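Before any questions on how it binds or moves, here is one chain, the form predicted on its own, in structure tokens.
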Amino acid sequence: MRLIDIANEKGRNAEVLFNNPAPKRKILYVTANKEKPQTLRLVKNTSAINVLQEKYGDELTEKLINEDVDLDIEITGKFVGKATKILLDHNGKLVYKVKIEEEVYDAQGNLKEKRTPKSLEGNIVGEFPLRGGKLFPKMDIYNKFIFARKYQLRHVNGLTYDFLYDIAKDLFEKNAMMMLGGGPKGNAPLVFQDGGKPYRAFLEGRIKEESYCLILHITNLELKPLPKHDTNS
């Protein structure tokens, strides 16, 4: 688990834990001897299709069907241990120098610009605690954003239990989600680690008697209506 520093509506902050709990499996797979199977990695394919296209041209389909030219029998199917990621060009040659560009699109899906990605610093723990902002009805948020993932906030002691429970209780009773932001003004996107992507974040609270669940929803994709077309044109 990792730490995240958040503040409540009174401006009091606390560092609490957060994690992404994996759902429990309802089905357990075992071998015929009732042993737990292992997950292993192996080489599935050894040749990029564009390399084969340049080599065989119009004969590629026939070669793939009859001769399996995309497979190196000596390598395909071998088990892989620790591996290092490398980059190849369209000819399958090793690339030593790469320029990374970020593509920005408008609401209609048209490319607006290409730019060098900004290197952002993590801000979930630091000089400024994350602060809550405007409240939104749950359905408005669910219908407007596609969430990348969810995290559960957890207390570390009795004091942080009360702290998080009160936040969850307030959101639950108002049936609302609260935008959470970073930076000195509390309106900056959340960046979870140095060099990471910026995300919008919304807090959802649930309570049942003395138990609470405080969920942090993060998103970097907003749903927007399609542009209206002039039917008279």
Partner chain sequence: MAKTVHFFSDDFDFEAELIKLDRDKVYGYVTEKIYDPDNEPCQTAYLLEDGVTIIPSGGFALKTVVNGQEVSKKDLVAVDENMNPLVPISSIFDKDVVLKTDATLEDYLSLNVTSVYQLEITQGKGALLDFLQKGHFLTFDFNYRTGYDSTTAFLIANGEDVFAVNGVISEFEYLNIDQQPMPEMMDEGSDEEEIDFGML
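We call the rigid core whatever largest set of C-alpha positions still superposes within 1.5 Å between the two forms. Please read these numbers as outputs of a predicted model, since none were measured by experiment. Residue numbers count along the first chain shown, from 1.
Another form exists, predicted together with its partner chain; not displayed. Remarks below refer to it.
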Exercise. Would you check, heavy atoms only and a 4.5 Å threshold, whether residue 57 touches its partner chain in the model of the complex?
Key: no
Quiz item: According to a 4.5 angstroms non-hydrogen atom cut-off, is residue 121 in contact with its partner chain in the model of the complex?
Solution: no
Quiz item: in the model of the complex, does residue 34 have a heavy atom within 4.5 Å of its partner chain?
Solution: yes
Quiz item: Heavy atoms within 4.5 Å of its partner chain in the model of the complex: does residue 144 have any?
Solution: yes
Self-check item: All of 2, 151 and 158 with a heavy atom within 4.5 Å of its partner chain in the model of the complex
Solution: yes
Practice problem: Could you list the residues in 184-217 that come within 4.5 Å of its partner chain in the model of the complex, counting only heavy atoms and keeping sequence order? | Solution: 192, 193, 196, 197, 199, 204, 206, 207, 208, 210, 211, 212, 213, 215, 217
Exercise. Indicate whether residue 101 shows a C-alpha shift of 2 Å or more between the shown form and the other one, with the rigid core used for the fit.
Key: yes
Self-check item: residue 135 C-alpha shift between the shown form and the other one of 2 Å or more, rigid core reference
Solution: no
Self-check item: Core-aligned CA displacement of residue 146 at least 2 Å between the shown form and the other one
Solution: no
Practice problem: Report the direction of the Cα distance change between residue 210 and residue 25 in the model of the complex, compared with the displayed form, as closer or farther; the change is 3 Å or more. | Solution: farther
